[in-house]
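Listed next as structure tokens is one chain, alone, in the form predicted on its own.
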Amino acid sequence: MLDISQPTRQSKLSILFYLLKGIKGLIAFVFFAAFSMRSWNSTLGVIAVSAFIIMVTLVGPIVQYWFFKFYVTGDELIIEKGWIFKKRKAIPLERIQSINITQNIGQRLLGIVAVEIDTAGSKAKELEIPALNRHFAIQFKDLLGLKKQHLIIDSNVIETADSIVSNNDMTSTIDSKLILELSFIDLLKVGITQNHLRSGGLAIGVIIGFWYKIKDVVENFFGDIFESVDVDLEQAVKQPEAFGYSILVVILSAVVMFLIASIVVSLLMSINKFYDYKMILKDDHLEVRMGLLNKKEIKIPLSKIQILEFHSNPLRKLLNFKTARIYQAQSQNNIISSVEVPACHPALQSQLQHLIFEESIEQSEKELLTNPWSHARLDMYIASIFGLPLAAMAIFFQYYWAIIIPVCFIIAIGFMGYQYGKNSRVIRDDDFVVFYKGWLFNSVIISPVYKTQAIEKWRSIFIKKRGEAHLKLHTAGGSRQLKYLIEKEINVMQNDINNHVIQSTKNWM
């Protein structure tokens, strides 16, 4: 029988958990110190590091464990923490949107989990209980959920612990339906179709950040090889023909290595994020479980979902699937409020939409098209910021042939901006507002009309003459926008959506 009416502390293993977090911070401190300090002979530095170690390793974890308490009183969950700077957070049970269980590497080593409570109004970290026994956490999660249900049904009834147990037995008999389970092949597909430029950029960023240390290691092990290769880069630029195909081979090799590194990083990140992915429909909510090193168990009430998005790219089009992202009413800076559903084939896309919104997109009543030339113009202006200085440098150093590079760059950016605008639009049918955005990396954003919190129109003086404006739709799950639409058409849709929301009797939360 779980009783949390009295102040309860976390698992005693939380001391070790806080200790690991302190050591993690200490490693980062030592790492930066090792790279930035030339000498460790500084007395002041030694004293500061010693004091820091003592505070982190001995005092901090015990203080955090002892002063962190939580309990339920009346219809509120209370979280108290801190010694010198005390904090007391009261969370009305009826405001709880979702309760999620997460587990990172340190927590897995200690056999504990974290419980994160989302209330669509507070920072997630303030409502986190980071170190609980898993069995206790599951019971605690179910208990809070049941108390919330009872408050909604009858605010005058507070269930006793015995009735809670019986209700727990009842919830265990609720039918569940498996919506999606990823196989290892699915994980590979998701990894291969990731944005490899982003993954490659991450790898390059790491290499640049630690270039001198990497250079030292490479020279220690492969110094003899590099000494045998003596290439005058300045001479190579001035007389590329003198080196034949060598430079071309080096460039191609670098591109191939970049692609290989990008794909490997994408695969590793995808496997780590989506390992053991399973989505289950239980009663009126979705339960999602995923993660290899950092595990997450997320509960999404269907009624709280505000936006459903589908994202694609050329590789995913070839494999005929998209990645869905579900946004529920969100807390400030709470990334768990959005949940990814990878490897969504067309049948699953329709199933998700019908499951969440109980309706399908029908023939559009209103359609707003963007001006592709306005998108192209803006993108070319931005590209010129980088392209024109390069062209000026080419002229200054009399490499006139190099002017073609920034010119082609600006034209290419303008072409992609035009295609983005040409393939972007907003439609409105009886039930939904749908944004279609993008060209190569396109997305479809679906939001029920009655869940609209506000619809905003704005414009600058530069587009006023063209009769254009921008449109932004605000929901409890975030805002979405599209630029360069006809202003008169926005006015009509704006009035139409506002009237629909006013007349709707559906509950947006």
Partner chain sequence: MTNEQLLSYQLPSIEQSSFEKHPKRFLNKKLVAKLFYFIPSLAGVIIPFFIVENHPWIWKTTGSVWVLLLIISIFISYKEFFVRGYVLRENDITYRYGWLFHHQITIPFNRIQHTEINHGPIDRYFKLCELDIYTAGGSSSDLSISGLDPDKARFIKEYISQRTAQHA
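Positions refer to the first chain, counted from 1. Computed from a predicted structure; not experimentally measured.
Keep in mind that the form predicted in complex with the partner chain is not shown, yet the notes after this line are about it.
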(request) Using a 4.5 Å heavy atom cut-off, state whether A476 contacts the partner chain in the predicted bound form. (result) yes
(request) Answer for F67 alone: is it within 4.5 Å of the partner chain in the predicted bound form, judged on heavy atom distances? (result) no
(message) in the predicted bound form, does L20 come within 4.5 Å of the partner chain, counting heavy atoms only?
(response) no
(message) Within 4.5 Å, heavy atoms only: does I486 come near the partner chain in the predicted bound form?
(response) no
(message) Does the partner chain, in the predicted bound form, lie within 4.5 angstroms of each residue among N491, H500 and Q503, using heavy atoms as the measure?
(response) yes
(message) Between L440, V59, A454, A48, only one gets a heavy atom within 4.5 angstroms of the partner chain in the predicted bound form; which residue is that?
(response) A454
